[in-house]
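In structure tokens, one chain follows: the form predicted alone.
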């Protein structure tokens, strides 16, 4: 789909989108169109009880006096409550609505709208961004696809005050969407197509953007002493991997300490010997969502040439039951030298992360570490499927992440860490056990990870088990992989760490 921005006359073909605030308060263009159609828009509002609430769309087909195919009244709710994400959601809703109807072109009229310090040109880029995000659909393996001409818009134009500024802003947002789509595609792939080797190969796509990519094979993993990670993948025929991605964009050069993002990449999780129930196990293909987010984030940052140094480190393994799989009761020695008694082989993601966290801190001496993982079902019990849980040893970074999440509508909520939870991991046979019991499962998982954070390194763990995948459509994403975390972390970096 072609996105464009104009500051001249409104198109007389295709669909027109004009805005309405709550209480049926028309924008200036909506008022003008209503007069030119003899009051058709107002009559449409009255006959449909349309009040301009946020997210509402009202379509007036082939209104008399206009050559456009239709006029869509888009509700924005109360101006005082309007957010940029509402504008993005509008773009997604308009795309979904018109693409399904076979419309070929649409023009959205911003009418000088402002949200805080963002003018109508900035908002123009974001309404287009919302539409762009909604275009992604996972249909790689569909042999009979609908005709593109019947299901997709060809032209999405936005009228605003400064078309040049809108286009420049949108170009950066496009790079972020590239990262989101990369993550959605990876998380959606079936496990017979995406396993550690093929997952690691996807990182090579980033080299064209200037990212240095290093892939460690299983021999290198074991030679380094990453035995906790290695043990997770022992039962699989697929060899485990570790992928290191480095983007050096800081003005100070490669010597400037990087930000580190660490991802859990369990490409399929049967639970191992502690086998999961069969019902729903097919969903365990997205247990690599944390690593998928790190891949997408690196693509977004490199694509828009972020002025910061970043390391993305991901442990990739497949957790399968087999004669050589790790057993409940096994004791493994991690990269850090700390020993772990594995009481439940289905608590495997923390083992993968433990080694990669230790390796990343030792090798890169990062300014901060943020890990992402579909780590616990307990986080879904606590927070549901719309908000991710965060755990941290640093108040400032937690606050920065919360603000970034609110800004892009990828919200996070901080949960506690405390000695009383940490003690639940104490073990008679080893330095620690890999589970802390049924209660506070997400917290004890985070406490486990914190044991591998050295020398007070600022650290945040983000549990995305409830938000990496959605069973329902959202305004800017069809049901399926959401790409959660890419926009959150891109915004976090842009607002706080770029030079």
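Residue numbers count along the first chain shown, from 1. Here the structure is a predicted model, which is why all the values come from computation and not from measurement.
Unshown form predicted together with a small molecule; subsequent notes refer to it.
Contact check at 4.5 Å (heavy atoms) against the small molecule in the predicted bound form: none of 93, 103 and 135 pass.
Taking the partner from elsewhere, residue 346 is found to have a heavy atom lying within 4.5 Å of the small molecule in the predicted bound form. A residue is said to contact a partner when one of its heavy atoms sits within 4.5 Å of a partner heavy atom; residue 276 meets this definition for the small molecule in the predicted bound form. A residue is said to contact a partner when one of its heavy atoms sits within 4.5 Å of a partner heavy atom; residue 355 fails this definition for the small molecule in the predicted bound form, lying far away.
Looking at residue 125, you'd find every heavy atom of it more than 4.5 angstroms from the small molecule in the predicted bound form.
None of 369 to 377, 71 to 79, 355 to 363, 200 to 208 except one has non-hydrogen atoms within 4.5 angstroms of the small molecule in the predicted bound form; the exception is 369 to 377. Shown without its partner, this chain lists 299, 184, 264, 241 as candidates; in the predicted bound form, only 264 has a non-hydrogen atom within 4.5 angstroms of the small molecule. The partner is absent here; in the predicted bound form, the one residue of 443, 33, 449, 435 having a heavy atom within 4.5 Å of the small molecule is 435.
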